[in-house]
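Taking the form predicted alone, here's one chain by itself in structure tokens.
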């Protein structure tokens, strides 16, 4: 299970966001280059379609693979009252033969993306991860070197934190509190709810760039 919110920011303001995140998190950023392959089950696997995502970390000297399955979101009055999406999520490390294995099982390629950017991992009331990345599509199957931006000039910001049935309320509160610090630059909301760029982003970015991240937050 995880708590997640997303938002978008113009590429010209990403450096300012990085300065802000560096000051808030107190850790160094990690470079991000992930080849994401989305597979969907074929008819031989049952009438209900399932979807898995294979993530290949291209920043590693030896690319590593992870299998991720994202399930349904929490529903009900409790879910409506919190500002983050709570959903089931299971992931596991895998070998380099994982794609071939899923093809043999009957899964088919649905689409693939290349995410390029950076991430921060830190503890602030919960184990929070912030990723800032451009989303790129492939012009040819698996051709990561030829990927082009889906939305030029715009980058995706995602804040996630692992949770459980017992801790999700506490984790959701920690994520929401952290997101308030980013509000001058971008608005973060549940995935699927588009809020666009915020009108204060340019002024906030200019202030952060001139300050150099020296302001105590």
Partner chain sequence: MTVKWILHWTPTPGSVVNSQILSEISQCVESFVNAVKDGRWKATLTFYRPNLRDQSIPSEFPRDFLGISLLEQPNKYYFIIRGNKIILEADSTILTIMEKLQSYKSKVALNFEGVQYKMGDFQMKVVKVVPNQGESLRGILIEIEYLPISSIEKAKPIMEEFLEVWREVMSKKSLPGHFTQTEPHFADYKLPDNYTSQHTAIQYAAALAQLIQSAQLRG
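Everything quoted here is computed from the prediction, not taken from an experiment. Numbering follows the first chain given and starts at 1.
There is another form of the same protein, the form predicted in complex with its partner chain; it is not shown, and what comes next is about it.
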The unique member of 56, 52, 32, 179 whose heavy atoms fall within 4.5 Å of its partner chain in the model of the complex: 52
Looking at 26, 46, 153, 192, which is the one with a non-hydrogen atom within 4.5 Å of its partner chain in the model of the complex? 46
In contact with its partner chain in the model of the complex (heavy atoms, 4.5 Å), from 96 to 104, 73 to 81, 135 to 143, 111 to 119, is stretch 96 to 104
Does residue 162 reach its partner chain in the model of the complex, with heavy atoms at most 4.5 Å apart? no
Hey, in the model of the complex, is residue 37 touching its partner chain, heavy atoms inside 4.5 Å? no
4.5 angstroms heavy atom contact with its partner chain in the model of the complex for residue 174: no
Residue 149 near its partner chain in the model of the complex, any heavy atom under 4.5 Å? no
